[in-house]
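Just one chain follows, in the form predicted on its own, and it is written as structure tokens.
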Amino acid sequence: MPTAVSDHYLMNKRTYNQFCPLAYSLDVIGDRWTLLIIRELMFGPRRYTDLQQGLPGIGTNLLAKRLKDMEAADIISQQKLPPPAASHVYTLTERGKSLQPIIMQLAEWGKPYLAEGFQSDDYFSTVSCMSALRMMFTPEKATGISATVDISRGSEAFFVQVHRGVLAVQTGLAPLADASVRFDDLKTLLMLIGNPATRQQAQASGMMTLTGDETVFDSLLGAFNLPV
């Protein structure tokens, strides 16, 4: 059974004051930035500084308040990593993890808006890219594709694996990747999905660095579709 939202928690928040499960849900997760914080944690634990980097529009005080509220609502918890890291990270609780399919459905609902392209001030984080790849994966185009590719930008890395029509997107580097790609801007990856033929041009211009099996990377791109 889900944990009821405590009166003490709601006393410190604005509430709809309606006896309705939707209203109760929005009392807890309806604040601005809350769902995006959950999105950032869907791929694993994140440090406070990681969340700041992934959500550049949120102020420090507001981020701290949202995290405190989310802990009080049993959506997230803090953990201390063992040495040598020995830093605190935020992670989803079981209650928080239960929101993941809801967020994926919301992302699916919003996918057609991606067809409008990037706005000049749009920020595209590593987690945004991972989420977008999940949304753009097309299983029927992945038949016969078996590929594992490491993707990195700066100090952040994740890998994409397609095998027998199934997609996996996970943080970190794969033990046995077929290819590794480094981008200065992950928007370049979306550009390649829309037009794989520009891959060599992107390499020549320095927008990406590709090592390993180029044909495997090209086949991987074919498993995704940009929204139209």
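All figures in this text were calculated on a predicted structure; none of them were measured in a lab. All residue numbers refer to positions in the sequence shown, first residue = 1.
The same protein also exists as the form predicted in complex with the DNA; that form is not shown, yet it is the one meant from here on.
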Heavy atom within 4.5 Å of the DNA in the predicted complex - residue from His163, Arg182, Lys187, Lys68: Lys68
Heavy atom within 4.5 Å of the DNA in the predicted complex - residue from His88, Lys141, Lys111, Lys97: His88
Partner proximity in the predicted complex: Phe43 to the DNA, non-hydrogen atom cutoff 4.5 Å: no
Ile193: touches the DNA in the predicted complex, heavy atom cutoff 4.5 angstroms: no
Exercise: Gln78 in contact with the DNA in the predicted complex, heavy atom 4.5 Å: yes
Residue contact check: Trp33 to the DNA in the predicted complex, 4.5 Å heavy atom: yes
Residue stretch of 167-175, 196-204, 35-43, 57-65 approaching the DNA in the predicted complex, non-hydrogen atom distance within 4.5 Å: 57-65
Stretch 36-56 - residues with a heavy atom within 4.5 Å of the DNA in the predicted complex: Arg47, Tyr48, Thr49
